[in-house]
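Below you'll find only one chain, the form predicted alone, shown as structure tokens.
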């Protein structure tokens, strides 16, 4: 049998993170690669009790098909959480999805056609790049610094490239960990909306801020909303509850959400109804904000531990900025070091990271790497960084750097 695959598959490529996770399975390798939460802080008993409550109160009916839009009480509960962020929406402005990544995919399906232009930060979330590239859209990178997209370069590319969408992760971006300034957030909206360019705001890490008093307003909250909004906003419970529930949400103008809902019907009818009911029970009977406060502090401690290790003399030629939240250090290696080649040596030493190359829409920087600090236990982090230092030393010796 000769299989003739569609043109869509020509744009598909494997995820570097998924490939590295497979590489490390079942081996004594400490992984600093995936954006994984710490299992020790999963609310196991609360999740178990939530599922027990679903079956106790819902009986067999809890196992029936659900609405494509998602379980209504959960959407209502999320609306109440969004209101605390100055995002006033109703359930009809929301679609529950299988993780926030499905939200990106659905919006691309209903809003972009092959050949359309999308602007992104360069670098940006690699799974979003996978979706864009597989869909045949043209992805163009916008120059950025520690405060976000540079507005002069953004404006020039809005005029020259005529994009239909701008994709951003303005709070604790993946992979860089940066936080956009308020001026850049407002500037993006100011430049895009009059040109009828939709903004997709991806916010999986916004709750994981190390300064609980810090205010990082969503771009969605800065615009008139929800109707006639220039922003579609998506987030997820994967980083704050557990990833395995694969539960996210997307909010926006009801016309956009309606089209995405029809696309979701064609894709999977609806995301897991049982998981959504359990999440509702969890939000109702569990103090999620207190739990988030706990993981914020734990992740801050782990970040500080990695920071301490990166400040050691053996890493003096590395460059990075201290994260204010999220899960990652974005590290610049010395010129001449290719992080993809370094990874091979690192795996031999027993540690893994993600090379930075795949995060770029264009003009990739070969000497960048992403280190995750949330998953590795503090007592193992020193071992991991010892192994990384050994790999660097071997690389430099082989390359005579």
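Positions refer to the first chain, counted from 1. Values in this document were obtained by computation on a predicted structure and should not be read as measured data.
Heads up, the form predicted together with a small molecule isn't pictured, but that's what we're talking about next.
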Go through 220, 180, 205, 132 and name the one with a heavy atom inside 4.5 Å of the small molecule in the predicted bound form.
-> 205
What is the one choice in 187, 136, 141, 99 with a heavy atom within 4.5 Å of the small molecule in the predicted bound form?
-> 99
Taking the shortest heavy atom distance, is residue 150 within 4.5 Å of the small molecule in the predicted bound form?
-> no
Although the small molecule is absent from this view, report whether residue 104 comes within 4.5 Å of it in the predicted bound form, heavy atoms only.
-> yes
Flag residue 238 as yes or no: does it have a non-hydrogen atom within 4.5 angstroms of any non-hydrogen atom of the small molecule in the predicted bound form?
-> yes
Is residue 169 close enough to touch the small molecule in the predicted bound form, meaning at least one heavy atom pair within 4.5 Å?
-> yes
Segment that reaches the small molecule in the predicted bound form - one of 291 to 299, 238 to 246, 265 to 273, 83 to 91, heavy atoms within 4.5 Å | 238 to 246
